[in-house]
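Here you get one chain, nothing else, as structure tokens; it is the form predicted on its own.
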């Protein structure tokens, strides 16, 4: 089974999390910067996909990450990802941007759903402090939200727990 880890970053924090996640998921492929791929169709070569996305354009309705993900969203939505499991982690600032916490995760999530992917890696909102997020589906985030600005002390535990969750939800990890 092939599981790819893809990320896009503005400050390097999303790449750091992708690397740390890779250490926890020994059977996943090495993280790859989305800026280094030319077409979204590369994602088709994997059975599972883990995506890292920051929220940079807070409050925006579209292109919320401000990264290479934004230019591939439509292409991702047009892929046939039936049978592929996809998990998303996102970075945001829960204190400064408390009304838009990790909003970019939802935008990416919606394009993968449109492509027919089976979404996994949902996380309960209970352990987070924020006001609003487009990334909530009921009482769960559509992926793993992380705050490296105000809650970096919680990242290791959150990442370890999520990696263990993915090992169950994505066979072969």
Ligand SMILES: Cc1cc2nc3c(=O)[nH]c(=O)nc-3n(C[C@H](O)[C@H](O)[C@H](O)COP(=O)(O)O)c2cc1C
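Residue numbers count along the first chain shown, from 1. Every value quoted in this text rests on a predicted model; they were computed, and no experiment measured them.
A second form of this protein, the form predicted together with this ligand, is not displayed here; the remarks below concern that form.
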Exercise. Which single stretch, out of 48 to 56, 33 to 41, 107 to 115, 136 to 144, brings residue heavy atoms within 4.5 Å of this ligand in the predicted bound form?
Worked result: 48 to 56
For this session: Evaluate residue 19 for contact with this ligand in the predicted bound form, applying a 4.5 angstroms cut-off between non-hydrogen atoms, and reply yes or no.
Result: no
For this session: Report yes if any heavy atom of residue 152 sits within 4.5 Å of a heavy atom of this ligand in the predicted bound form; otherwise report no.
Result: no
Exercise. Would residue 102 sit within 4.5 Å of this ligand in the predicted bound form, counting heavy atoms only?
Worked result: yes
Exercise. Can you check whether residue 13 is within 4.5 Å of this ligand in the predicted bound form, heavy atom basis?
Worked result: yes
Exercise. Which residues within 86 to 102 place at least one heavy atom within 4.5 Å of this ligand in the predicted bound form?
Worked result: 91, 92, 93, 97, 100, 101, 102
